[in-house]
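Given as structure tokens, the chain that follows is alone and in the form predicted alone.
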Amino acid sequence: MELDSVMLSRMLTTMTLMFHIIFATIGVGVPIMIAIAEFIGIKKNDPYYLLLARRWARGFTITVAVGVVTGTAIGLQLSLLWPSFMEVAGQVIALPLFMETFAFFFEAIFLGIYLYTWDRFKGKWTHWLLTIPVMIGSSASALFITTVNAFMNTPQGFDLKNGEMINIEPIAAMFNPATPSKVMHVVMTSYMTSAAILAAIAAFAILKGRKGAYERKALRLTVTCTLIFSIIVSVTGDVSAKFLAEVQPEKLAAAEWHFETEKEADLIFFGTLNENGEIENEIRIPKFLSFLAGNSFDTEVIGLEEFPEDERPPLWIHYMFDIMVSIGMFVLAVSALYVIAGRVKKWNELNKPLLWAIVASGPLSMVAIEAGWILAEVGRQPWILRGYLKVAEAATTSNSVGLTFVMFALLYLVLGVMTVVVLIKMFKNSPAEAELEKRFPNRG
């Protein structure tokens, strides 16, 4: 691997996106959990759920602040590292980028009002209503930025003449064929991952001996939400697979090591490729790739051999697909087992193995998010704008990318450490039990 400006630009963009996606995912998913907790708290007049909403909202502000920094870095790097791409596509993606910024400010304004108006309204439902614009803003932000990525995969809404985009239709470009499936999957996986992370925190607290009503109710709510969102994610994932089979067959073929066009194609998990390019040590589900691609075992799935060698994605993305799907199945199974255990009298849903599995589900869900984005981005290679502009043609030729990489790596290290330290101190210095006693002394 040659560390030229193209490779260094890819490495820096990858590092930035992988760091930013942590905070972006939490930024999209946590508002809905806050809204659910406060809704239940008001509906049941339950101070525990109201405190959950309060504490989650406080922690959420820290992740939002860091997300602003990393999101700004992405915008800066688009211009610095990929000038040819911005020169060609900048006019097309300008609208969704502006709308994403508008959605963020919309969310931030109402989040500020929400945080500073607890107990200031006569009616509790008035305060809860403030969660609606926060949820709309966070999800709309995900929608608009995802349309940019979707456009890079299925570009439309323009004519290309002499290397310049003309006759631009921004709305058509935003709502390209990839937008519906991508937006649904991105938003729902953010909901699922945020719920799983909050569940992991609650489960860990119980394992450490804090088994009060606050922790148990937090665990029950977050795991139930994780299960619901996991089921929806399995549906959006299926829709995404069918979209790839129809519109981006080379990505699906590379992700599934499917080399020859055929019907009754097998679904392959894990495995290795030998020197002759033959698959070994795999888990093979007969005919299931065809079913995944078209709801029929007779569906013809296009093989990688149909595409020029220089336009094929790298085959290692197969493992990203496997990691993403395996973790999704694990989280779904663990959350379902907890919900079932809670309803069967003889079962103990707070047994240690299950709690540790819930703890693992949180970080693993974020790993699945990272793997999914790697699959999406690397699976588009060698294109940055599919069918129009290749990555090697779009990158900067500057010799300073290596130094920039080091500087941003140090920035992300500092931000990551500071985030963890601040969040730990924020909640360690204000335990839930003490805050409950202070805010709800007569809770009974």
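Quick note: we count residues from 1 along the sequence shown, nothing fancier. Because the structure is a prediction, the values reported are computed rather than measured.
In what follows, reference is made to the form predicted in complex with a small molecule, a form of this protein that is not presented.
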Worksheet item: Though the small molecule is not shown, can you say which of Leu50, Val401, Ile384, Ile32 has a heavy atom within 4.5 Å of it in the predicted complex?
Response: Ile384
Discussion item. Counting any non-hydrogen atom inside 4.5 Å, which residue from Asn281, Asn295, Thr126, Thr72 sits next to the small molecule in the predicted complex?
Written reply: Thr72
Discussion item. Please pick out the stretch from 115-123, 74-82, 207-215, 352-360 that is in contact with the small molecule in the predicted complex, where contact means heavy atoms within 4.5 Å.
Written reply: 74-82
Worksheet item: Does the small molecule come within 4.5 Å of any heavy atom of Cys225 in the predicted complex?
Response: no
Worksheet item: Can you check whether Ser335 is within 4.5 Å of the small molecule in the predicted complex, heavy atom basis?
Response: no
Discussion item. Whether Val64 contacts the small molecule in the predicted complex should be assessed with a 4.5 Å heavy atom distance threshold; does it?
Written reply: yes
Worksheet item: Does any heavy atom of Arg54 come within 4.5 Å of a heavy atom of the small molecule in the predicted complex?
Response: no
